[in-house]
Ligand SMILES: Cc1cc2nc3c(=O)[nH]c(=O)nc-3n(C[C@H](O)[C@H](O)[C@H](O)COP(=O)(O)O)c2cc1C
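Presented below, as structure tokens, is a lone chain in the form predicted alone.
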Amino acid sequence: MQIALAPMEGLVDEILRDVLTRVGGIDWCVTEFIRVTERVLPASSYQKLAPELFSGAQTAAGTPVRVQFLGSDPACLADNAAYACTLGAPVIDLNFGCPAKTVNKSRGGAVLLKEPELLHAIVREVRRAVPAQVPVTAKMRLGFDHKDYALACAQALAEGGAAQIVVHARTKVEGYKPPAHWEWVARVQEVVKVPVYANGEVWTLDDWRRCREVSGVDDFMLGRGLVARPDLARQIAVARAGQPVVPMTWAELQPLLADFWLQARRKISPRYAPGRLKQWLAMLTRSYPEATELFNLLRRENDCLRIDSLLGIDFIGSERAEQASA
């Protein structure tokens, strides 16, 4: 069994990847998608969206990080994938699931599920371009506005050379509305020989158990559920091992939240750092009543120094200490 952290654009950046993988239970994670259009992107693009490439292609906790691309030009995607491998990408992942309208309008993400033959061509060309030891994987939804091509799309990906397929068990039109159609994951696994990961609507340990029963697969990708409950992957791993599960308490989560804020302060403009903190806190309110209280305190606060005070953090002091030890 493997558990992966989903590549959620605008949410799971390198800061949140670092914090969540430190909790444990996550076998691998994926960068936010790197949009490819007409040229090979420079190293600076990877420094922004895949900075872990420059530190062994893993988070500080040692969790491998895959590089994800999004686009529709097989040759251009192949060239960029080959370049990413020279930077140390351990796995190339291809995004055929993004539901964002702006992405779909520019022929990227889930809209390509209307064209199984193009999916095959993209995976085939990327597979040919990257070293044999570097796996190529893919993430898909069940379709764009219907599920009629779901199995054909999965077969196209597998036959093109995808070593694994993550299936977000909804169409693009269904977005993130419950339910996720886990039974379709089982159908996909029936028609391909490569491992299939179930993704969608796994928020709790009980959700995982139901998803496993319905989908019949042992591998899972967790997205919003893991962001809202940072120890969900660890809970699943412990439960799978037959050991008692002890959920993470708010007191245990607070140091991670504080570190998230410190990293956001260092890496993100003061104009945008508060929004990143509020974004994560808003999702944590689903699992922690204390997060709701803190979110209400911070929701209208945009001054970083005042947020430091509310979190009990001495940012300036921590920066001085880090500089002194460098």
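Given the structure is predicted, the values throughout are model-derived calculations rather than measurements. Residue positions are given as counts along the sequence shown, with the first one as 1.
Note that the form predicted together with the ligand isn't included here; everything after this is about it.
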Subject >> G223: touches the ligand in the predicted bound form, heavy atom cutoff 4.5 angstroms >> reply: yes
**OP:** May I ask you to state whether H168 is within 4.5 Å of the ligand in the predicted bound form, using heavy atom distances?
**Re:** yes
Original post:
Is there a non-hydrogen atom of N199 within 4.5 angstroms of a non-hydrogen atom of the ligand in the predicted bound form?
Top reply: yes
**OP:** Using the partner position in the predicted bound form, report whether M1 sits within 4.5 Å of the ligand, counting heavy atoms only.
**Re:** no
Original post:
Want to guess which of 268-276, 32-40, 54-62, 287-295 is within 4.5 Å of the ligand in the predicted bound form, heavy atoms only?
Top reply: 32-40
Original post:
Taking W28, T137 and D218 together, does each of them reach the ligand in the predicted bound form with some heavy atom inside 4.5 Å?
Top reply: no
Subject >> Heavy atom contacts to the ligand in the predicted bound form at 4.5 Å, residues of 52-72 in sequence order >> reply: Q68
